[in-house]
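Take a look at this one chain, the form predicted on its own, written out in structure tokens.
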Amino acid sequence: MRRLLLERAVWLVPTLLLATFGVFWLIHLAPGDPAITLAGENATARQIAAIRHELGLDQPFLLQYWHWLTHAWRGNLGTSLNTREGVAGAIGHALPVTLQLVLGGLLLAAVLGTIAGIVSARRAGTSTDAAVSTLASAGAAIPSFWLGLVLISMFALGTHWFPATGSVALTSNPGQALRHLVLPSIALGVSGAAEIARQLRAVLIDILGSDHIRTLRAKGLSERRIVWLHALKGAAVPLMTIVGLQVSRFLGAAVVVEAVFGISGIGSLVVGAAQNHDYPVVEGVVVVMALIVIVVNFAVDVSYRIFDPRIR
């Protein structure tokens, strides 16, 4: 077990290197020149060249990447070209806000999706199954930004039950933080809940029809005990896979949801940096998000060996 985990951990290093190189390369292929943006419209060619030299943009691409990588390895992701603030500090302020939103949406998706998948699988072929499947298909098709606007109109502007915009840190005021998280978490998590419900339904139908489950029924175990203690354990591996995939999906969708709800998280930070050609900020944000996804995938890989002894 330890040897397998060590091997997976070792493979994280080349994966992260490949991700950082791809991000660095794609950003430098993007149109626009940060030196021209910083110099202004009336800058001369000499001024632009001086700024490019100061930023190291006149160096070969591989040398630029090596300099960035050696600094990033020590936790220095560079300095914002516009605000002159450290990129690591800017990400440190914005990332907790986005992680609150992602975790809220993930928790909602896991709970609702699991309950809906179990209900649908236990009543497969009935009207209840058809209703749950229809709702899951609708939930997967609804765009998160449209759902967010509907939620704001109904529950923020209409009833004033929840705030329409902004966010509060959990550490400063947990009650207000949860009130601000409800609507954006629903907008973000509905599509994930629909995907979990659909996939879990298919897996549970196969498990509930297996010989192992029929034996448990013959022994007199209740249907609830069979589903929650035995069938769900058998479905843990595909369920963890779906949840792990939702993390990367939510990180991308959070950019749109944050814009709808006026949340100052990673989404607003990277959008503003991309519009101003602030390459260090964009590189830092994308690399941190890639690192989060890689770590989550590693955790999911470890969970396989916990829930399924055959993999161990």
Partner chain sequence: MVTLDPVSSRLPDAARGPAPSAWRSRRGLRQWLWGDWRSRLATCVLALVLVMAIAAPLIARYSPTAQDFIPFRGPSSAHWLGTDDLGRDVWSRLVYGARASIEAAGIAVCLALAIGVPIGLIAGFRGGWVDAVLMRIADTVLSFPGIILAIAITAVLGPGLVHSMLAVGIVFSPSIARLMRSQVLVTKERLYVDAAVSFGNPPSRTVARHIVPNSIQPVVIQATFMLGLAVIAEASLSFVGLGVQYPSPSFGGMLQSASQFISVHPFGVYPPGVAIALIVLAFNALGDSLRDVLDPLASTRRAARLAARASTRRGHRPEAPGGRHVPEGH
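Quantities reported herein were computed from a predicted structural model and do not represent experimental measurements. Numbering follows the first chain given and starts at 1.
Below, we turn to the form predicted in complex with its partner chain, even though it does not appear here.
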item: Its partner chain in the predicted complex: contacted by all of F145, V270 and V293, heavy atom 4.5 Å; value: yes
item: Partner contact for P238 in the predicted complex: its partner chain, 4.5 angstroms, heavy atom; value: yes
item: 4.5 angstroms heavy atom contact with its partner chain in the predicted complex for Q275; value: yes
item: Distance check, I263 to its partner chain in the predicted complex, heavy atom within 4.5 Å; value: no
item: Its partner chain contact in the predicted complex: L29, any heavy atom under 4.5 Å; value: yes
item: The single option of A116, A90, I186, I242 touching its partner chain in the predicted complex, heavy atom within 4.5 Å; value: I242
item: Listed range touching its partner chain, judged in the predicted complex by heavy atoms within 4.5 Å, from 198-206, 104-112, 69-77, 168-176; value: 198-206
item: Residues within stretch 249-279 having a non-hydrogen atom within 4.5 Å of its partner chain in the predicted complex; value: R249, L251, G252, A253, V255, V256, A259, V260, V270, V271, A274, Q275, H277, Y279
